[in-house]
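Heads up, the chain below is alone and in the form predicted on its own; it's given as structure tokens.
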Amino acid sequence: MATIAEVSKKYDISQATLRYYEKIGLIPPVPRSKSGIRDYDEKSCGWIELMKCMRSAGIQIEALIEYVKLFQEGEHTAKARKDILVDQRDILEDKIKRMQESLDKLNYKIDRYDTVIIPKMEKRR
């Protein structure tokens, strides 16, 4: 079990963000101590790791909230949860493809400077 301060430090997420994630349903409710203080267990930390990974990949927050909601409803939602993940994977793959195309274009432009433009300028000197 861990405090919010420990979890915040471990995952490099502010305490306010952790509270916000729980408030909006991005992570399931965190267990609490008898005095009402959040007491993060391994399961809660697993959700935080998953959401941090998904958010850093640009996965839509609304889809993740729906995923958590369905997860909490039980096993009968497995297909719907899988469908959300497949949809988000497809979106991410498309984004990666577009980013790769941009990277290829940048690399082409940089190569042109190295092989044509700069050598041509240096010959003029």
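Computed from a predicted structure; not experimentally measured. Numbering starts at 1 and follows the sequence shown. Throughout, rigid core stands for the largest set of C-alpha atoms superposing within 1.5 Å between the two forms.
We do not show the form predicted in complex with a further copy of the same chain, though everything after this point is about it.
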Is Leu50 one of the residues lying within 4.5 Å of a further copy of the same chain in the predicted complex, judged by heavy atom distances?
yes
Does Gln72 reach a further copy of the same chain in the predicted complex if we count a contact as any heavy atom within 4.5 Å?
no
Please determine whether Met54 contacts a further copy of the same chain in the predicted complex, using a 4.5 Å cut-off between heavy atoms.
yes
Looking in the predicted complex, any heavy atom of Glu93 within 4.5 Å of a further copy of the same chain?
yes
So which residues in 102-121, when you check a further copy of the same chain in the predicted complex, have a heavy atom no farther than 4.5 Å from it?
Ser102, Leu103, Lys105, Leu106, Asn107, Lys109, Ile110, Tyr113, Asp114, Ile117, Ile118, Lys120, Met121
Aligning on the core only, does the CA of Lys109 end up 2 angstroms or more away between this form and the one not shown?
yes
